[in-house]
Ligand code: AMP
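Below you'll find only one chain, the form predicted on its own, shown as structure tokens.
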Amino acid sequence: MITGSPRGTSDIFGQDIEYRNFIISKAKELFKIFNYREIITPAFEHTEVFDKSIGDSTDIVQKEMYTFLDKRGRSLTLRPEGTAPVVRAVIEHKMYAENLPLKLYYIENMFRYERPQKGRMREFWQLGVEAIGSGQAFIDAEVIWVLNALFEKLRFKNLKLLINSIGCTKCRKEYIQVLKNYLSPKKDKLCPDCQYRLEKNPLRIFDCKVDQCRQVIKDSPKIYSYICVDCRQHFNQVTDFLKTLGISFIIKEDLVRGFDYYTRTIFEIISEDLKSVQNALGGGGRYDKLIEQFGGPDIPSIGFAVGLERTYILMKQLKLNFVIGDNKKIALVILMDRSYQKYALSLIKFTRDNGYACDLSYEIKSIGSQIKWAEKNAYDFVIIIGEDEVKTDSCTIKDIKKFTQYKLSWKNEKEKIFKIFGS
């Protein structure tokens, strides 16, 4: 007997689908305004796509990737994040030959072998954007603007935008040596993973959730103090643009993000209403050398990703009401006898053909119980078809939210149904 879905996965249905679709619809509206176009990449890639980009010292590559050999012995990995596959696609199809910047967005499922908890699953969904082909500070501010605007559209409050600069590849080398000098005498206080990171990539120690490591790193030198003049000027321009846009932010000097490909500007939005450690709703940063690292031209880029599950968990927690699409009403047709199905079919067809949602109650029960069921399942109207309605070629419509009732001749007045539905 099959007992359930694999650990860390979930079925999405009912109200969660409504929340999810609402978030996606708002995101797509916004992406269109900012001139982003959709891209869909495969669910799995050659493993080197992620080894090369994310970094072999990260937790994702070390512990969390779903990697397997295909029947010809090739190493493949289910995508754990969205940027590297987009970069691979841009290079493969030479999309950089188009007018730059190239603005793309994706809405896809990701896979990471993590300990499942609220807002963090092994299969999860992200939406994200990638702005490829500009190193200007303005596009950093614009990408952050899109992220901030999305949560404004969702009517979230109590959010904090955290930003930092982790410098370019040149100035970061100096900082890494400073950090190593600081941490080396304290190596025995670090967890085994961080002792390895100290040698391989000390920046990853900032990602560690082990308390003893967080205490060690708390008073360490911060990368923000070591960025070069050019990186400082770039970051100051970004913050100036954000101020002009009226977007509040906090400079968090120990923010590093989880991927090795980031350079210069990084950022994330956290919710103070999410009390768990997993309170980041979305984030991203600039990755100026990733395309070149993949064998493409030297093209600077920036992007972000938002976790869908964590976002609609917060929407539900805050009891945020929402409307999808054009707010057309939905009706349930109630039959008093199964023999009236053919009569009801022409009514349902006319209603649906004109773009209104309409469904049929397949059970023959009392009107009262069926109206209660319609209320519970978020219907706006019920259309009652009984003996009298069939004999007089009519229908009775009840607005179950306004407690009003209408009766109209289906033969001569059926267009009036749209006025009723629009009320």
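In this text the structure is predicted, and so the values were computed from the model without any measurement. Note that residue numbering follows the sequence shown and begins at 1.
Separately, the form predicted in complex with adenosine monophosphate exists; it is not shown, and the next lines address it.
K.L.:
Of the options V256, A344, A280, I91, which one has a non-hydrogen atom that comes within 4.5 Å of adenosine monophosphate in the predicted bound form?
P.N.:
None of the other options qualify; the answer is A280.
K.L.:
Work out which of V216, M121, L154, I348 lies within 4.5 Å of adenosine monophosphate in the predicted bound form, going by heavy atoms.
P.N.:
Exactly one listed residue reaches within 4.5 Å, namely M121.
K.L.:
To test your reading of this chain, name the stretch in 332 to 340, 294 to 302, 121 to 129, 190 to 198 whose heavy atoms come within 4.5 Å of adenosine monophosphate in the predicted bound form.
P.N.:
Heavy-atom contact with the partner occurs in 121 to 129.
K.L.:
Is R204 one of the residues lying within 4.5 Å of adenosine monophosphate in the predicted bound form, judged by heavy atom distances?
P.N.:
Although adenosine monophosphate is absent here, R204 would stay clear of it in the predicted bound form, with no heavy atoms inside 4.5 Å.
K.L.:
Is the gap between R310 and adenosine monophosphate in the predicted bound form 4.5 Å or less for some heavy atom pair?
P.N.:
Close contact exists here: in the predicted bound form, R310 approaches adenosine monophosphate to within 4.5 Å, heavy atoms only.
K.L.:
Hey, in the predicted bound form, does R112 get a heavy atom within 4.5 angstroms of adenosine monophosphate?
P.N.:
R112 belongs to the contact set for adenosine monophosphate.
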